[in-house]
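Next up: just one chain, as structure tokens, the form predicted on its own.
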Amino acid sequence: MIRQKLWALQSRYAPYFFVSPFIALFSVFMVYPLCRSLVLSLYKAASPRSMKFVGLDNYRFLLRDWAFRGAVINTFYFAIVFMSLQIPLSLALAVALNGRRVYGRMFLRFAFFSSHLVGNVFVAIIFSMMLTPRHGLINKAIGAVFPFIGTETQWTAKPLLAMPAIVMASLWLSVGYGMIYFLAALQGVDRELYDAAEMDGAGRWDRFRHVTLPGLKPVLRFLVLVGLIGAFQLFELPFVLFGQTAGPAGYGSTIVMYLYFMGFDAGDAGFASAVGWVLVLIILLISLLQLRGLRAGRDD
């Protein structure tokens, strides 16, 4: 009788016992910091012992701050330009390396993907040297192809070139990453569909538009969603590229960089928490819109 009761208790509570370490760690390192930051966003906090309740004043000031507006505009600009280039380039690279007649395609796949493995900080250091005037590799290439432009372009000193420099570095870092997903999706497209389309007289472009693209829709939506979330979390790349500054005239600033400057340079943890929660709302809104589009695509 006792053994049966023990066995019943074990069967009932064993799953909770096994998941309890995760719940404890998740609560301590995720739930509590999130709740604490939400409460902290309602205070002006210069230090743990110097806190003053200000209610929603942090959020009101945030909406009026021109520096924050500039950071939001820069982040949206980066996200739109980056996604408009990354998706087509990754897809074109995947289609090119999916052919069986490509010599050394396995090595080329690894070579293009390997740039994603080095990390944002390393890429920022590399591009800070590649973008240097006169001696930088990119300026030398521009001078060789377009002699009238020359090799003295100040990529990290001119406001209008700050964000294009970040986009270039981000593309070098992430095009191979998107290529891997597109390659996996391309290999999952039924070959019989291509044969049927070819028998119906469809050309290469028609086969790509009516067979390849529909098969890539799930991966395409996933990459757009992940890419947009990553774009709004951009921090290390511009922070290192511009020498721990917001770039020329603030044109290299992003939302996360603004959060860092307010929290660590200005020392107001409460205001930085408010910035963080506004960023959470922006990413949540983008994710919900993307998921809604995904459901609408499935219904179609």
Partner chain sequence: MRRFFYHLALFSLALISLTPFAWLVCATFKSKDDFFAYTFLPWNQPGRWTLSNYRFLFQHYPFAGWLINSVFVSCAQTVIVVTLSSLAGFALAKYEFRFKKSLLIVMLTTMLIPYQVMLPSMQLMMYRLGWINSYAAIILPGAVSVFGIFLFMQAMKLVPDELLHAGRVDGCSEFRLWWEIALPIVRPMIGAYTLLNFMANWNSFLWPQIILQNERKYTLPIGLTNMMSLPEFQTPYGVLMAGTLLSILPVVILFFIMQRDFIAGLASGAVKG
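Residue numbers count along the first chain shown, from 1. Keep in mind the model is a prediction, meaning the values are calculated, not measured.
Below, we turn to the form predicted together with the partner chain, even though it does not appear here.
Across the options 162-170, 145-153, 120-128, 75-83, residues that bring heavy atoms within 4.5 Å of the partner chain in the predicted bound form belong to 120-128. Comment: the partner chain is not present in this chain, but in the predicted bound form one of R191, K217, R209, H135 has a heavy atom within 4.5 Å of it, namely H135. Candidate site formed by H116, V256 and L279: every one of these residues places a non-hydrogen atom within 4.5 angstroms of the partner chain in the predicted bound form. Mapping the unseen interface onto this chain, L56 falls outside it, with no heavy atom inside 4.5 Å of the partner chain in the predicted bound form. Proximity of T245 to the partner chain in the predicted bound form: non-hydrogen atoms within 4.5 Å are absent; the residue sits far from the partner.
Of the heavy atoms in D65, none are within 4.5 Å of the partner chain in the predicted bound form. Contact check for V102: a non-hydrogen atom falls within 4.5 Å of the partner chain in the predicted bound form. Taking the partner chain as positioned in the predicted bound form, the residues of 20-36 that bring a heavy atom within 4.5 Å of it are, in sequence order, P21, F22, I23, L25, F26, V28, F29, M30, Y32, P33, L34, R36.
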